[in-house]
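Single chain ahead, by itself, as structure tokens, in the form predicted alone.
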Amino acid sequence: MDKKPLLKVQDLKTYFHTDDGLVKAVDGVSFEVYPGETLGIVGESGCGKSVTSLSVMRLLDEKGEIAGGSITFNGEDVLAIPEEKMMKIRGNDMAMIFQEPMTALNPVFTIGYQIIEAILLHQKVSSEEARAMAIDMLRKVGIPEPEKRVDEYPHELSGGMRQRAMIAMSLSCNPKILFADEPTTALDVTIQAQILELMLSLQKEYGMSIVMITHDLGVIAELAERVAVMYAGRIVEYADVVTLFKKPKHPYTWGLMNAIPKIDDEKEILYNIKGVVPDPLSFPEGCRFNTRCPLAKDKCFTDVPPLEEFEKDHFVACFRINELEEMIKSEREGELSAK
């Protein structure tokens, strides 16, 4: 891309000091987000997706630390910004939709109070103007009777309504970038579709960037333009969404794609990625996927594969890229013989 990135994360390392030892939750992650685009970060639970976004927002708890790397947002070094200024950036220029709105929304304050508080904190408007802005934002996110809902408490709203209220709060100050952490996980399929459609329409209206964090490849296909696949704290593949879905080059990405059921193939045998995600307290040496990878050989157990450009704008961290095609061929032959 020729444009200058809005957000640039370089070799980010976020570690947690726990009673059991050091957890390298994010270990050398790099990516860029450009103005107005959607970047998807996908992977299994515990791979470091959420920690990556919390690191950028500087919302880590006391046990977490950014042990290395750099984060540049809108030309500024995020790690060097004083906390007082960072508080103004959060909510105003950066915003986040959390995975479970009931834990993110304060149960003792009305929805309107919480949105108005965010507006007053970041914008020079009166209380009356902030209330009118809150009602207007609730209307924009599709909440019926916003004049009434603005004075209701989180427990009085359905799951879908609470998620919409969270989106209204996140967008109340027109942020440049929105981090959406599994925004549709707890919702039924119909509401999921409505929330995704809403996010797309609001993105077009406000021109903001979105970082979509999810394990759901269907959501990624719907929203993202580029995708970073994470596994055990590292990015293993990074490409535009069409390339990633059509030509995955990392064995883990290929496994994820082939674990998706196809509605036009009743006799299809779904691919199963063997094993489980390794314990973050004791990640394996070398490639962290080596305990589950059908292609792993000696070098995979000793050396860390760098994330390198395989084809234009398609980055892969794997020593066995060229052998994946042979594996795919044999897998398909096995499926055909099984049928």
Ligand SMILES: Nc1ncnc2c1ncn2[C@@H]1O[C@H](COP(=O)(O)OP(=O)(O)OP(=O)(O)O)[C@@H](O)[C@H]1O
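Just count from 1 along the sequence shown to find any residue number. In this text, all values refer to a predicted model and were calculated from it rather than measured experimentally.
Heads up, the form predicted in complex with this ligand isn't pictured, but that's what we're talking about next.
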One residue of 51, 33, 307, 29 in contact with this ligand, assessed in the predicted bound form (non-hydrogen atom, 4.5 angstroms)
51
Tell me, out of 225, 117, 182, 222, which residue has a non-hydrogen atom within 4.5 angstroms of this ligand in the predicted bound form.
182
Tell me, yes or no, whether residue 25 is in contact with this ligand in the predicted bound form, where a contact means a heavy atom of each within 4.5 Å.
yes
This ligand contact in the predicted bound form: residue 272, any heavy atom under 4.5 Å:
no
Look up in the predicted bound form whether residue 16 has a non-hydrogen atom within 4.5 angstroms of this ligand, and give yes or no.
yes
Taking 4.5 angstroms as the cut-off for heavy atoms, does residue 37 touch this ligand in the predicted bound form?
no
Let me know which residues along 43-61 have a heavy atom within 4.5 Å of this ligand in the predicted bound form, or say none if there are none.
44, 45, 46, 47, 48, 49, 50, 51, 61
